[in-house]
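In the form predicted on its own, a lone chain appears below as structure tokens.
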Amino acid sequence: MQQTFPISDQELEALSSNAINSVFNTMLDKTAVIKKVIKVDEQTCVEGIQLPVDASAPMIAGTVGFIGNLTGIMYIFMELPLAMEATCKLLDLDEDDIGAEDHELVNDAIGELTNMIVGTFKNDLSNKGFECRMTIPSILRGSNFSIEPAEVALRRIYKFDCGGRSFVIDVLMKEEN
């Protein structure tokens, strides 16, 4: 059963966009624009959702949860070239400094970037009166990600463009009683 959610779609989109752009501007000297929004509900999520990116491309997904008045999780899916570019910018490295098999360095950088993005999102939620704490970040690697249904009150998938490269964030939230 769908419950009324205390944050509107417009507010959630603004919170998500602000979190991405605050961190991307500060840490990567980049901006990102939302190109597509997928509103997930019980009818659209019956058999899982394919992300709006090239499913066969190798991807890195950073994820951090938050717990409090609002509980949820945010996934950030990046294709490998954008993840490598972000790692180089974040750590002030050249592309030649990172090997194709240097997964640990890229994982650490994307984990930290995800932590900063969700931290900014969480702080903006707190400024709206929804206190919450964050969980530790984790990283997934792979391709052909399909997100299975979850029991949440609100779920939105945002596809961003960042200088011609795409990435996706998936936000799942519910209100705690």
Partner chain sequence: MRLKILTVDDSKTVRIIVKKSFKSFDCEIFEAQNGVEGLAMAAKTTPDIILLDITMPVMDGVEMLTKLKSDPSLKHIPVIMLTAEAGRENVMKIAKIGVRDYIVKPFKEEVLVDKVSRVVDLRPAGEAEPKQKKIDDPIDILIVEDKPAIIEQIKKGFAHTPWVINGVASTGEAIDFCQKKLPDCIIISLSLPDDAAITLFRIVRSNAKTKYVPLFGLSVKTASEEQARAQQAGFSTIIHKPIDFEELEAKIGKAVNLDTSGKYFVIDEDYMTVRLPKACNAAVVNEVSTYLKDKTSQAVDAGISKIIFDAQKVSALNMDVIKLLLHSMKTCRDLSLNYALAGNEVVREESKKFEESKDWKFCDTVESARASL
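No experiment lies behind these values; they were computed from the predicted model shown. Residue numbers count along the first chain shown, from 1.
As for the form predicted in complex with the partner chain, it is not shown, yet the points below apply to it.
- Among the residues 31, 123, 143, 138, the one placing a heavy atom within 4.5 Å of the partner chain in the model of the complex is 123.
- A heavy atom within 4.5 Å of the partner chain in the model of the complex is found for exactly one of 119, 68, 52, 58: 119.
- At a distance threshold of 4.5 angstroms between non-hydrogen atoms, residue 152 is out of contact with the partner chain in the model of the complex.
- The partner chain in the model of the complex comes within 4.5 Å of no heavy atom belonging to residue 38.
- Put simply, residue 22 is close to the partner chain in the model of the complex: some heavy atom of it is within 4.5 Å.
- Within this chain, residue 92 lines the site of the partner chain in the model of the complex, having a heavy atom no more than 4.5 Å away.
- Heavy atoms closer than or equal to 4.5 Å to the partner chain in the model of the complex belong, across 152 to 172, to no residue whatsoever.
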